[in-house]
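Starting off, we have a lone chain in the form predicted alone, written out as structure tokens.
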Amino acid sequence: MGPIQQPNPFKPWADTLRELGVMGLVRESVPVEASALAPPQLVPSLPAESPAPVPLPVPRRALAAAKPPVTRPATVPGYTPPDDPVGNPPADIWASAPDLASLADCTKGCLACPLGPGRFRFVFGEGNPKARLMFIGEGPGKDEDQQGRPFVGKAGELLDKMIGGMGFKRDQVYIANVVKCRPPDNRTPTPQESQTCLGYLKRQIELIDPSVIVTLGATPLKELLGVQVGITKVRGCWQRLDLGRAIPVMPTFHPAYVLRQYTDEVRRAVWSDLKAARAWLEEHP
């Protein structure tokens, strides 16, 4: 049998990716023999020195009714959080918020960690409140702090193209960060800052109930999943988050890292991770 021309379903996004300079995220169609049309491997293998991947969790199902008690760790030494319910929202209030709007309303005045007083806007997150696909980054940058929206700077432009390459629009997915306030000089949030804000993120995830989560960079992988191994060793390897049910998590590089480390290897790796997440959604409608 002669060569078969594979269609490229992502060509509409190829032009926009090329304009942004990240064409390497989309591979052009190439003729292949029919015998080579085997299904892709969904879960890449880890390097020998890396820990074994977590078993792939079961497909989406309803959250369990019983939930563990919510606790908030101590804040950074030297900072005294306010004791009022606006500046330091009680856990029993935000942990029982019935929807995202209620959760945003009861947490938007939070000053429970040192990042709060220095922010311009509280960046809660945005997107489809019942999205099947959720992206989680580290924290807001300058543009996000000014606009009150996640991923609106250069890294956000790239994330939009990544989402488009997967066949989605931005308003069809949900985008959030580990911390809701911008760290000074865009530094990595401290473990105390991350853990202080983590309860809000977990409640977001519970309310959205996504089928798949894509984590962007090392911080959500470390703070949300407790994975201490570097992102370069675990990206592309399925993890899982247990919040009443097991949610499959695909770690990949942060868009800002892709823009800094602009190599074919990095771009191919990210695209491989995104295709794996999309494949899971297609196989578990």
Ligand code: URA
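Note that the structure is a prediction, hence the values are computed from the model and not measured. When you see a residue number, it is the position in the sequence shown, counting from 1.
Just so it is clear, the following notes concern the form predicted in complex with uracil, a form of the same protein that is not shown.
S.K.: 210, 150, 89, 165: which sits within 4.5 Å of uracil in the predicted bound form by any heavy atom?
M.R.: For this set of options, the contacting one is 150.
S.K.: Want to guess which of 191-199, 93-101, 106-114, 132-140 is within 4.5 Å of uracil in the predicted bound form, heavy atoms only?
M.R.: Only one stretch qualifies here: 132-140.
S.K.: Using heavy atoms and a 4.5 Å limit, would one call residue 204 a contact residue for uracil in the predicted bound form?
M.R.: Contact check for residue 204: no, nothing within 4.5 Å of uracil in the predicted bound form.
S.K.: Can you tell me if residue 245 lies within 4.5 angstroms of uracil in the predicted bound form, counting non-hydrogen atoms only?
M.R.: Residue 245 lies outside the contact set for uracil.
S.K.: How about residue 254 - does it come within 4.5 Å of uracil in the predicted bound form, if we only consider non-hydrogen atoms?
M.R.: Yes, residue 254 is a contact residue.
S.K.: Relative to uracil in the predicted bound form, which residues of 168-183 have a heavy atom no more than 4.5 Å away?
M.R.: Heavy-atom contacts to uracil in the predicted bound form: only 177.
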